[in-house]
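Form predicted on its own, single chain, as structure tokens, below.
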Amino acid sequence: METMTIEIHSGKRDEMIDITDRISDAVGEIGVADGVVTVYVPHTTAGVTINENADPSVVHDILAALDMAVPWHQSFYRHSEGNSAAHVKSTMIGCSLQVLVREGKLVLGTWQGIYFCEFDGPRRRKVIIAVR
């Protein structure tokens, strides 16, 4: 298994950053023709997901729905850092995903893209890519 780490710079508290091309480039650099790529985010207030990357309103809608489901301020939050909502959103989205690789390319649907999900930015983050 080959691994690579890329750095992501988020600019907002809540943001979805399309990293599809960066993952594809890493797969190409590692040089696996057929296999599986795992994308892993080693942070408790961020995540990674696959969704539509053709229409930016989808990202807006996802972030708005998450904000409604998990508001930033709640009287029952106890975490002293004040970012409980970010932890909950990270748990809901998840910290890893896998994508098939065929003939050196990611196997994604026509409208699919891979998103790094920031819930406690702006920050510098890491994404670990493992290909086998």
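Here the structure is a predicted model, which means the values were calculated and not measured. Residue numbers run from 1 along the displayed sequence.
Separately, the form predicted in complex with another copy of the chain exists; it is not shown, and the next lines address it.
- Contact annotation for Ala26: none of its heavy atoms lies within 4.5 Å of another copy of the chain in the predicted bound form.
- Put simply, Pro42 is close to another copy of the chain in the predicted bound form: some heavy atom of it is within 4.5 Å.
- None of the heavy atoms of Ile6 is located within 4.5 Å of another copy of the chain in the predicted bound form.
- Taking the partner from elsewhere, Gln112 is found to have a heavy atom lying within 4.5 Å of another copy of the chain in the predicted bound form.
- Contact annotation for 28 to 67: residues with any non-hydrogen atom within 4.5 angstroms of another copy of the chain in the predicted bound form are Asp34, Gly35, Val36, Thr38, Tyr40, Val41, Pro42, His43, Thr44, Thr49, Ile50, Asn51, Glu52, Asp55, Ser57, Val58, His60, Asp61, Ile62, Ala64, Ala65, Leu66, listed in sequence order.
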